[in-house]
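Take a look at this single chain, the form predicted on its own, given in C-alpha cells.
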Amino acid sequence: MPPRAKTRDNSRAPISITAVLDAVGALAAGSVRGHLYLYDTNKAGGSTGFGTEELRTRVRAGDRVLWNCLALECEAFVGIAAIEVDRAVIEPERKVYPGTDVAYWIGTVKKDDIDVVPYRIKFLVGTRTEPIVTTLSPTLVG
C-alpha cells in the first residue's frame, strides 16, 4: 500500500501573538523599545524570544497567525494600526470580534520555505495621533 499523502489540519487554532505594551512608558519615551513584551502560543512548535520585542514565531504554510495587543495599564488605550510584513509570505488584515469593537489582525502563512521574515507593528497609543513603530523586529521563522 502506498504511503498516504499528509493532509493539512485546517481545524488547528491560530498561532496567537499578543503584544503587551507599557503605554505610559512608550508615550514618555516616544518609542516601544523597552516597553513592549511579545508572546505567542507556539512555544511547543519552536517559537523563541518570549517577553521581548524580538519574538521569533515558528510558522509553516497554512498556519493562521493572529495579532492582538493589551495595555499594561488597564486605563490606557493601545491598538494595532498596521503590521508591515512581506506580503508574499502573509497578508494580515484587520478584523473585529463580532458584536464588539475589539480589533485583531489575522493572516495565513502562504509558504513553508520562508527562513526568517521580520515584520513591524505600528501601535496606536493613548491619544497620540501618530503610531509608534517597533524598533527591533519580531520575526516569523520557517
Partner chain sequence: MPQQLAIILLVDVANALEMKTLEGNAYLFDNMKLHGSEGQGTGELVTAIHGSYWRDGSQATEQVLNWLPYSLGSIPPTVPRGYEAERARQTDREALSELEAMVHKPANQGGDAAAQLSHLQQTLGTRVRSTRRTRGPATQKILDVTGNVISYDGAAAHTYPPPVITDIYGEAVDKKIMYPAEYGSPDMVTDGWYWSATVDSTRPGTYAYTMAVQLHRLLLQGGDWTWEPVDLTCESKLRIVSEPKRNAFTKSGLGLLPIPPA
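Just so we're clear, the structure is a prediction, and the values are computed from it rather than from any experiment. Numbering follows the first chain given and starts at 1.
FYI, the form predicted in complex with the partner chain isn't displayed, but the following is about it.
- Exactly one listed residue, out of A88, L70, A61, V116, brings a non-hydrogen atom to within 4.5 Å of the partner chain in the predicted complex: L70.
- Shown alone here, G46 lies farther than 4.5 Å from the partner chain in the predicted complex, counting heavy atoms only.
- In the predicted complex, L124 stays away from the partner chain, with no heavy atom inside 4.5 Å.
- In the predicted complex, R120 stays away from the partner chain, with no heavy atom inside 4.5 Å.
- The partner chain is not shown here, but in the predicted complex it comes within 4.5 Å of a heavy atom of R12.
- For the marked spot (G34, L66 and T100), a heavy atom within 4.5 Å of the partner chain in the predicted complex is present in each of the three residues.
- Along 45-61, residues F50, G51 each place a heavy atom within 4.5 Å of the partner chain in the predicted complex.
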